[in-house]
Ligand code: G3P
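The chain below stands alone, shown as structure tokens; this is the form predicted on its own.
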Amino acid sequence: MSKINLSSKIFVDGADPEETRETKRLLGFVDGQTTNPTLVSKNPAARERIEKREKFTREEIYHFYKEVVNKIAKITQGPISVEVYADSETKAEQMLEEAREMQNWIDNAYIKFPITKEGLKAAHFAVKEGIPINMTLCFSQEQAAAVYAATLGAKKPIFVSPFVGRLDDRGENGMELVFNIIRMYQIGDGHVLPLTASVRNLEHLLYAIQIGSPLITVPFKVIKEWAENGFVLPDEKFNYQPNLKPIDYKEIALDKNWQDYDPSHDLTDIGVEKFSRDWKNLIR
């Protein structure tokens, strides 16, 4: 039985099924899960192999990822995000080919594409095939607008994942980006849902709940901290005011062609490189 009553959906951000199971014990529920190559590399079984200098073949690592996802799917019936491999050279067609395969891993798979020109192109065609998607590494309103336009007509809700912690790391208020995206989408048709990601602390989680983020993905360490604090919820006294540079709201139309938006962002490029590097480090 759920121990809290929320309008926001709480996902687990990780690739360790034991953490998912413990989260369900603590919360009484798990609404879904998000994974990525870096999180897979931190899975205890994967770390053990790497420490023994027993890297995976390409076939083995995909089988390992699939097994992890299937174990998580036995714990939650909610959306489970599975990320395609992408580096700076990966084309949309390659991402789509992998997405089609990953979609068959479990019934509740959401496929993650990066918000790059090729990632948006892959998403545009994926929604036409009915593939549920989560657009990741979002760091700007314009990127979120591009996702909205590229996925019009989607049969299932589309997720867009602003990474708040990575903006905080360089002195920008990442939570303001989430707030701005929620505000911008109010003029839309509701087919894209912001998924607050890269949550680093309890304050991130509480503020995301306060502003009504539809979806929030939370690492186990923060869920554990939340449990230790009695699943406190934000009230009228909760005031999130970090000492970070504000991110101003921009008036951006959502009715342009998706190719007319500029999805470029240096943090997205850095994120793609990190994910691809962590994935390659698992493979011999």
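Note that residue numbering follows the sequence shown and begins at 1. None of the values given here were measured: they were computed from a predicted structure.
The next section is about a form of this same protein that is not shown, the form predicted together with the ligand.
In the model of the complex, the ligand sits within 4.5 Å of a heavy atom of residue 13.
Not displayed here, the ligand is approached by residue 197 to within 4.5 Å at the level of heavy atoms in the model of the complex.
Mapping the unseen interface onto this chain, residue 36 counts among the residues with a heavy atom inside 4.5 Å of the ligand in the model of the complex. Remark: residue 166 counts among the residues lining the ligand in the model of the complex, judged by a heavy atom distance of 4.5 Å or less.
Contact annotation: the ligand lies within 4.5 Å of heavy atoms from the stretch 36 to 44 in the model of the complex, the single such stretch among 36 to 44, 252 to 260, 238 to 246, 57 to 65.
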